[in-house]
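This text opens with one protein chain seen in two forms, each one given by itself as structure tokens under the names structure 1 and structure 2.
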Structure 1
């Protein structure tokens, strides 16, 4: 090799002299100057070995051929080695030097490739380069695998401790080829170094040679294949299954709820820990080759990213059943909160498709949320008005809708965002979410109005409306729903409940109160006793019937029930007390008043206090 180096050096000296010397005399002077600096540049060697114009080409081919022979001997030894080259730092350094020299020679002589002898030598050099790349690719793969094998494998990303001992035992019994997964932490602000710094440096040196030799795609393929396997195993350890959109749609809802919880955990770990860690590793291995780094990173993360996005998309285009709202909101919020990570981690040109797809699916989830509210509207419209609720109590649709809306409004800010992104136009004083909630309330009230017509007794229909109206106001007033709908809405609906109250009293008790009024002039003094006796008899009968019926009716709200009783007592007791007082003072009839007075004032009050307790069925 030293002999070959000297020949190359002499050839270079001759080339310089020939290039700079404008005539034979100047060339000789230049050669003379060289000979004074180094004995190897003696005039004898330079003049004796200097080729003529005719044989210059053949001499160049000889130099190139000797250089290739030397490199072939070195590279072949490494290619044929049974042990990994990188197990010995000296061997790995020598192998890289040989590859560097081979690549440089190929580059230096490439401009003469049109000359047949040199072209043949360059073709041989390309074959040697390819063989060297095959071996260095194996070394690259081996380093990737060794790096991951040294990483801790006995930890899981999740915090569940179930079967932990069994799983640890299972890990210990597995062979060395097991793909490891990084140790979990609840703090997402961290980067995992999956490979040691020494391994990363070795990989970087190999990467430089493979890219310089034109084998960048092969290098990227090996790298991405190894890291992709690591990522996929990590996602599996997080509990995320590989599910198609059809698989997701076929799952039972309870099973799907659990899968969504696992997806949320996996998405956060992937976007905040795994993918940034892979980005950092990729940038270090492919340092100085940004395009190759971007392509390799995309290939590493694409499969896992698509797995995450496909699941979110399956949720977005799935059933719009109202009970799915809250889990769909969870997925929407997760995608929203991770948009910054999607933007930063997938910022290069190769990942643009993944980034855009994430935004599209996030918006599609918003459409799904709005679609679920439309389905809730349809559910209210379709709810039949067939069977009456016993005792005029709370209708199931009222309970369902109001509890549903209260729960939904715990995510008010998210819902505001979802509806603001629709194409609707908010009113001057209301957000689109307020408009949506007001519309649902209006549909519910209209539905209840229709249902109230099922009752044959108008008084009971008012009790029904009173119960449901009071429940609605309470649910609105005590939560975020009240913030949305506002105080004016609450005041108006409180007034509605009071109107139902008054309508109930008029329909049930007005006629009875009328019986307690006596027109002295119309009855005349002689007929007054008879009239009052008849009125008292009618009152007793009606009061008995009303109390019997209304005691089976239900007013679920204790305060409302007390308000009704107080109101009825104020209406009945003074009028009834005055009536029986006058009746008792009517001469002979008054002396026998006890024969006609069935209820004392205290009895009336006691019976009123027994109203609206309801039957067992009505109270449910």
Structure 2
């Protein structure tokens, strides 16, 4: 529509010139007057075709000279203006038109630049272009800064234009919805328009002129300087500090945990909202100049991206202390989840470096996770077997490692990924994470075996191994860890606990059970009675001793404790019952049997039920 209206206007102007002008030069003068009147009536637009008389170069120079004079007066007026030219849309349009015409004239005449008078004119045109470019660069800068510094001002500025014809519906809608109000972020799927559409259009118009006049570098420089500052401020508002690797390493872990949380938020906002918004802005301002757009975008985002990546890198090369696993996994997962964004937002050639850095650092975080597991291995392997846990109870390391692994397995999929990245070779039926986990279990078990040797009583060693073994199986069974290690593993380890159980029984009860065996072939009645009496005495003493000791031992798992007692009762009671039955039927001695029988079968059972209750200190 606007285009059409202008056409009409120009046609009318040309008509007036033709009818009023009695000859060519008069008409030309009239057009000249028009052209100085308003930017819309530029010389170039008013002339329908190229002036055909330009071959006569002396008159050509005159035309050129006149055109330049007219443009000079317009442009100088703008350059001298104290007010920003873009504060008045009519002014800015006229200024742009003047520049366009200047560029066109220069282009049209450049093939004649070897002719001295024309060459001089062109050099003057060049000067004018340069001066106009200085000014337009300032205008560009101030539009950029206005847009970012104070949105409300910009908004008011825009509303003045509201009734201008170039306001379209879409713009008004956008403008209404884009007033920045801090709202809790639930969805990253949004784009911020830091500059209004009108400002973006203005910037784009300026960009076109600057690039056409060979001021592309300057334009991109101003653009990225301003946007970079905006981005940096956004990052610091997100709570992100500028930290060196050493700063990160010196930080207290708790403080660092908070910093990581802030980083995760900032990285998401940056990659999902801020950078894509910058990309869009850049593409709009530099529309049609993709190389300039790519370069400017890289310059805008480079610093902030490096700041984000440096922090992740510092975490990756930081301490490998196992308690850090969970936070490092968070950082790893954030990077992993943002890889798509890195790929898409930094897809151009200038950003290739940033994209590659992101991949490198992501991989390094994977290495860090593997490193933490190695550190865990060290911790287990080097855990000294100094003080024995009283009563053969649960060792803190068992508790720590098992709960740690269970917690870690909540991120099983991530861990699978991390270990697939390592150099190991997975076998057919197990993943590398499975290999890793079984390896840690193996280390834990062999460490516990070493620790079990600290107990002087081998029976207590078995109780210790039984307790810890039972705990391990329990913790494995009902979680992701069990899925990883597999049924077979669980079965084997259950069998192992059983074996410890048997070994325990054998080491402390076999001898006693042996005492209760009666050899019928042994000497006569008298001799047998004597032997049995001795055996019973021995049994009583041993039983008393064992019960006294074993009742202070601990079996933390009730079911296991029950199993132990039942199996002991099964072993002990029939043999004992049988023994004292025989003993009571042994004639003389039998009559006085009660003098020797210290425990009834019920007493034995009761005493067995008292076993493994532990002392108060051992039970905890």
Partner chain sequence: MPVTDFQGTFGRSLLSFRRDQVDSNTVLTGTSPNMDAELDSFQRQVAERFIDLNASSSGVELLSLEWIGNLLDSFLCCQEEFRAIVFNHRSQISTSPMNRLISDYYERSIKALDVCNAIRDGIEQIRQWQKLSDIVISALDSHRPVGEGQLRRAKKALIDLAIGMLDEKDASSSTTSLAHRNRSFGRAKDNHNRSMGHFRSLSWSVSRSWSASKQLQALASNLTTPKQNDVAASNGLALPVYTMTSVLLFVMWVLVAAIPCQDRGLQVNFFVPRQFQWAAPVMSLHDKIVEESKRRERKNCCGLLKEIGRIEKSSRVMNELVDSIHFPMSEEKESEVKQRVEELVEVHEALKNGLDPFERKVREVFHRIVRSRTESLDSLC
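Residue numbers count along the first chain shown, from 1. The term rigid core refers to the maximal set of C-alpha atoms that superpose within 1.5 Å between the two forms. Everything quoted here is computed from the prediction, not taken from an experiment.
Checklist entry - Out of structure 1 and structure 2, where do we see the form predicted alone? => result Pick structure 1 here.
Item to check | Per-residue C-alpha change between structures 1 and 2, residue 72, threshold 2 Å, rigid core fit | outcome: It does shift by 2 Å or more.
Checklist entry - With both forms fit on the core, has residue 247 moved 2 Å or more by CA between structures 1 and 2? => result It does not, since the residue 247 C-alpha is displaced less than 2 Å between structures 1 and 2 after the core fit.
Checklist entry - Taking the rigid core as reference, does the Cα of residue 119 move 2 Å or more between structures 1 and 2? => result Yes; residue 119 is a residue whose C-alpha shifts (by 2 Å or more) between structures 1 and 2 when the cores are overlaid.
Next on the checklist: Looking at residue 571, what is the CA displacement between structures 1 and 2 after core superposition, in angstrom?
Outcome noted: A shift of 2.4 Å at the C-alpha.
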